[in-house]
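This document starts with one chain, in the form predicted on its own, laid out as structure tokens.
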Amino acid sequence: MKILAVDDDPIILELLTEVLRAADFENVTVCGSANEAIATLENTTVPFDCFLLDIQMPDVDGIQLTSAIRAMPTYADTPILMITAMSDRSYIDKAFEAGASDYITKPFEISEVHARLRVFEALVKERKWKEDRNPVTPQQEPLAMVADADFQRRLRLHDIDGFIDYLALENYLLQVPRMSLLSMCTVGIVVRDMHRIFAASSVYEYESAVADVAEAISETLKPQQFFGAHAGEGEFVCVIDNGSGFEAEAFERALNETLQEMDLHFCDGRAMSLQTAVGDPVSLKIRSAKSLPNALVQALSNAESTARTGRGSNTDTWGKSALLGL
């Protein structure tokens, strides 16, 4: 795996290089500034597979560098690990909003860095394997019908306010300070009858429909602070910052009104009717760190249940008074 590490502290860069080599990551390039990193990216012939970025750097900081990297089509999905001394919630939020995949604070445990990079390495290998088996040209994509693999894939929606990758959303929850979790909840959203839309769509139409729903979710949640992700198929999950007053039924109604106002169509002019079901929210206040990703799964399960049987009570939600916003 080809890695680019960026930090303005030469001692940290030297340490990172040794840490990576100890785990058999030998192909490491180091840069002492964001500007040097951008110049390196512009001049490299073989793309990098992973980035390790500090936040506090002169001129252009690591969050700005993350945004610049994500703006390059080659690196839209490349794993970015922030390794920084900045543990404040605001830096964590800004880093993930810019496109970070994961976040580690200094001083770091060597085993932790190795573990995160092993996850990234597996993702890189899987993506390259899929690209080798299923090459798709831009000319083919709008005409190709959606396959099961396309339907199940979690789409990257970085261009939509508040949306990040599903894996990044899991990692974000693990980095949020415990006190912040007390007021947060996660909510699942399911597009009803997405299989029908999927069966009648090209890849382009299906991915556009997913993006349209994400855009509607983002617009309906504003100005609430949140992060959302596509969970595959017609499912989405959001982590809401001030979730104690979240009312699922009211949000579902507003979201469906937003989708109706968007007046969506297939490429041949047929109307595309999208209706969503929103599950009861799942509180994060009593969650252990290991169980936080499971809260996302529970939120999706709640939404699936609502889509099947209508809205009902759930023992893992905020409770009746919170759902009513009292």
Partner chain sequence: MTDFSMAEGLARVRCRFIEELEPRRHELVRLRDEITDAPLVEDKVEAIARIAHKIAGTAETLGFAKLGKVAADLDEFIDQNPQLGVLPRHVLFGLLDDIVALSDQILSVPDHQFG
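Numbering follows the first chain given and starts at 1. Computed from a predicted structure; not experimentally measured.
In what follows, reference is made to the form predicted in complex with its partner chain, a form of this protein that is not presented.
Checking 161-169, 72-80, 101-109, 235-243 against its partner chain in the predicted complex, the stretch whose residues place heavy atoms within 4.5 Å of it is 101-109. Contact check at 4.5 Å (heavy atoms) against its partner chain in the predicted complex: all three of 8, 14 and 24 pass. Taking a 4.5 Å heavy atom cutoff to its partner chain in the predicted complex, the contact residue among 91, 198, 251, 227 is 91. 56 is the sole member of 291, 67, 275, 56 with a non-hydrogen atom lying within 4.5 angstroms of its partner chain in the predicted complex. For residue 147, no non-hydrogen atom is located within 4.5 Å of its partner chain in the predicted complex, even though that partner is not displayed. In the predicted complex, its partner chain sits within 4.5 Å of a heavy atom belonging to residue 85.
Looking at residue 18, you'd find a heavy atom of it within 4.5 angstroms of its partner chain in the predicted complex. In the predicted complex, no residue of 33-49 lies within 4.5 Å of its partner chain by any heavy atom.
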